[in-house]
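Next up: a single chain in structure tokens, the form predicted on its own.
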Amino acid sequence: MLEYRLTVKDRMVCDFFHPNAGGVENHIYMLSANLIRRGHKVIAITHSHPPDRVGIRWLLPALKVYYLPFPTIASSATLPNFLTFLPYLRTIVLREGVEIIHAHASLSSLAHEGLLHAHLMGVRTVFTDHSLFGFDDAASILTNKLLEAALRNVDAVICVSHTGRENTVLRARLLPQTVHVIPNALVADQFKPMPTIRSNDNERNTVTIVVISRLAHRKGIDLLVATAPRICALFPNVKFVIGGDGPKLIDLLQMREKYMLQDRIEMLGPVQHSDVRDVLVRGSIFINTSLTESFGIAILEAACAGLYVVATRVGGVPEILPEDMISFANPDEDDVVRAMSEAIDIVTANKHDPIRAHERVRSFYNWCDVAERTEKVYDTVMQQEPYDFWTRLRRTLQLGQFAGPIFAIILIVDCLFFVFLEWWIPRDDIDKVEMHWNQDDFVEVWMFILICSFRTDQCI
């Protein structure tokens, strides 16, 4: 039996990447690291972070990152700059010999533009959607139309949950057979529980509830503000440890002052990803009150660290854990208090085993499996026939009476500018990147270092 493995020169494109910390950033990094381990050449393209992250940098293990000189407007996202991005993209694709562009995140301008330009150079495209969006407000309507235009000619789409898949298929009007579900994962060794600390908590009869989240409305911080005082009143042995930063931080501080809970609600401020496990193991219960969530990597990390989870039943959250590891609540105040009371009773009665929870999560989610499944999507894409220009133009015109002609004009201008670049900077004048070391030995050494002491902020 002949074993065949596709070796692809892959490029991750997204506004959201290191040195910023978050679920999308961590997903891109870990997926890239494991694809490299499987023999692929992977590079990442994002915007610069002056003064340190500019130009070309290397991250362990052998991940090359291009930090392009584009300014951000809000939340680390860049303004759309279609024609400005094309010269950079063309040069990088030709220099690196890129075969697949893998774009991430619906709100990333660089991701949308990478999908638009890729077909000009015969590069195949894959898009991963990490978020859920509605259909009935102005911002969602505009975002959904932009996403539909960006994915009109994409070769494959990946979503991190089945709920996210249904949402993306409806938002972008995609054929369901082109959309795959590959969940997030984590490095389980980074989130080992600490039974000794748990036993000390039980001896003191104290139940510590941990919150690590971006303190924003979408994360349900208003629910937390409303329910925390009620939980403290019902259970005198309960205290909160809250980590994170955001616009709702002031609301939490005001709530703590109003109810004089300074000794029972500890505010940590921003928490580095490398310190998340140390914060999690201080508690017995993790609460997530998000109003919308495609997957919820924080829930997975908390469960792996041995915490019992309380979460709102929204988006893809019900798909993450078995029912005996999590208590669900509707996104309203009374039901959150009910679910939290249930969780406190379970933890107080020692009905939740942190070590067993860690082992179960370890068996459910790992990045090697995610990389293997992503590799199969790449394999499928590379075996398909690409869209020609006239097919792309026809499909773009089908976007609608007004949006169709607008995006068709963008597509035609983009093609004309690409033809100009082909004349102005001929391909033969662009130097190709050559490998001057043994890639297999290099990856093997650095993957060993990565496993032993993983830190996403290490940079060569």
Partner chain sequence: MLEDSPQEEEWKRALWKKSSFPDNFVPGSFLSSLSKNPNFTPYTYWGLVVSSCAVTQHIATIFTFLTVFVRLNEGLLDPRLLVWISVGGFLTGYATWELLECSSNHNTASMTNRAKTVKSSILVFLALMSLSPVLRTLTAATSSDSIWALSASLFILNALLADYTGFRPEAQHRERLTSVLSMNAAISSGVVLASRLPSDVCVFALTLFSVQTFALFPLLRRRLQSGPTGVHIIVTIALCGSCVSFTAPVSSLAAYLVCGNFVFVTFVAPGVLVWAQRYKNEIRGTWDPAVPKVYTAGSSL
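Positions refer to the first chain, counted from 1. Here the structure is a predicted model, which is why all the values come from computation and not from measurement. Basically, rigid core = biggest C-alpha set you can superpose within 1.5 Å across the two forms.
Heads up, the form predicted in complex with its partner chain isn't pictured, but that's what we're talking about next.
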### Query
Does the 4.5 Å heavy atom contact test between T128 and its partner chain in the predicted bound form come out positive?
no
### Query
Does R165 make contact with its partner chain in the predicted bound form, using a 4.5 Å heavy atom cut-off?
yes
### Message
Within 4.5 Å, heavy atoms only: does T143 come near its partner chain in the predicted bound form?
### Response
no
### Query
With the partner left out of view, is A298 within 4.5 angstroms of its partner chain in the predicted bound form by any non-hydrogen atom?
no
### Message
Using a 4.5 Å heavy atom cut-off, which of 307 to 315, 207 to 215, 85 to 93, 385 to 393 contacts its partner chain in the predicted bound form?
### Response
307 to 315
### Message
I182, V225 and E333 - do all three of these have some heavy atom no more than 4.5 Å from its partner chain in the predicted bound form?
### Response
yes
### Message
Quick check on this chain: which one of I265, V381, I285, L132 has a heavy atom within 4.5 Å of its partner chain in the predicted bound form?
### Response
L132
### Message
Which residue, D189, D353, E359, D251, is the contact with its partner chain in the predicted bound form, using a 4.5 Å heavy atom cutoff?
### Response
D251
### Query
Out of 342 to 377, which residues reach within 4.5 Å of its partner chain in the predicted bound form, heavy atoms considered?
S363, F364, Y365, D369, R373
### Message
How about R230 - superposed on the rigid core, does its CA move between the shown form and the other one by 2 Å or more?
### Response
yes
### Query
After fitting the rigid core, is the C-alpha of R256 off by 2 Å or more between the shown form and the other one?
yes
